[in-house]
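Next up: just one chain, as structure tokens, the form predicted on its own.
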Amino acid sequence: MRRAARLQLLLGLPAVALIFVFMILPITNMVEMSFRTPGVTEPFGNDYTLMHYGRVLGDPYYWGALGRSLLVATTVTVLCLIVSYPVAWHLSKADGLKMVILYALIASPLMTGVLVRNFGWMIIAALNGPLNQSLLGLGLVDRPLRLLFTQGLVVLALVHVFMPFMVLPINNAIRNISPSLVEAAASMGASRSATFRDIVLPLSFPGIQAGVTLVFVLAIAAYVTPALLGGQMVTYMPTQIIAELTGTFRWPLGSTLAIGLSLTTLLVVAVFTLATWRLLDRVRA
């Protein structure tokens, strides 16, 4: 038993080392940096202070950036859920070549570089781009729409790239539902809508929970897409953090903003997890 325990410990050491070096140490350094005084000729000073937390908590500008990030992340998550559930349902019923093609189509946004993908959106949404030309050709608008550098385009682009993170967990949950349950409901006279509402949807909820958590965390921390497609018109928390760290070189203030964003994300995820657990308990009861 001791030899087996030692072997398990040795096998787990690389993973523990990776977590310590690439997660715990950076977070610890970020927390320590947030208490540093501003530097004069350097990004930070040698003393410690709480002034950055007071500045962030008392400045409506940062609260606005955080609110916009929360709004965009929530909108992206809801839209991803609405669009992804039917896709996951059809994917769970597919097999053979059809399943391979569907998997490839779903994963295709992740196979393109982030810069290439966002510049593609910039071309599509330009005033003389294909989207505006199509709308003008169909007579739906009288003049080209200003789509570029808007919050709507940021949401659309994020939904496009984060859909796989919602589809795959839901698809896995639906595939794990025993077909005998659906057949039993049908044999007892239940309609398709009732079967979906009372059996399929509750049993697929673990996949929904995982997908919602993944998409929300990724969307609220997204930087490249809001920076390129949102431009300077709207400020989000990730873009503000990068601006403080690499633009003005105010590392303590940037670290404080990063901690605020991380704590907010953890709070939202924790509240959502507790709420879904209670909802699952009611459904099972």
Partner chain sequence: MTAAATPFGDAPAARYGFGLLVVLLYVFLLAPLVTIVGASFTSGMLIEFPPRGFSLQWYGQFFQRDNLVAALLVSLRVGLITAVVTSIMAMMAALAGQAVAGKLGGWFQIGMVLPLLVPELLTGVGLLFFLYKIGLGRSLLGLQIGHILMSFPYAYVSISAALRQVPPSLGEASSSLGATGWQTFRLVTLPLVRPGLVMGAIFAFINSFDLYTMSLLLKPVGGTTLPLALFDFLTYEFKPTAAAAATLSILLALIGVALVQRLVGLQRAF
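In this text, rigid core is short for the largest set of C-alphas that superpose within 1.5 Å between two forms. Owing to the predicted nature of the structure, the values given are computational and were not obtained by experimental measurement. Residue numbers count along the first chain shown, from 1.
As for the form predicted in complex with the partner chain, it is not shown, yet the points below apply to it.
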4.5 Å heavy atom contact with the partner chain in the model of the complex for all of A5, P14 and P109
yes
Tell me, out of I170, V154, M163, V76, which residue has a non-hydrogen atom within 4.5 angstroms of the partner chain in the model of the complex.
M163
Is Y103 a contact residue for the partner chain in the model of the complex, using a 4.5 Å heavy atom cut-off?
yes
So, in the model of the complex, is V224 in contact with the partner chain at a 4.5 angstroms heavy atom limit?
yes
Is M30 close enough to the partner chain in the model of the complex to count, meaning some heavy atom within 4.5 Å?
yes
Look up in the model of the complex whether P144 has a non-hydrogen atom within 4.5 angstroms of the partner chain, and give yes or no.
no
Residue stretch of 134-142, 203-211, 67-75, 90-98 approaching the partner chain in the model of the complex, non-hydrogen atom distance within 4.5 Å
90-98
If you apply a 4.5 angstroms heavy atom cut-off, which residues in 114-148 are near the partner chain in the model of the complex?
L115, V116, R117, F119, G120, W121, M122, I123, I124, P130
Relative to the superposed rigid core, does G113 relocate between the shown form and the other one - that is, does its Cα move 2 Å or more?
yes
Yes/no, F22 Cα shift of 2 Å or more between the shown form and the other one with rigid core fixed:
yes
My question is whether L266 is one of the residues whose C-alpha shifts by 2 Å or more between the shown form and the other one, given a fit on the rigid core.
no
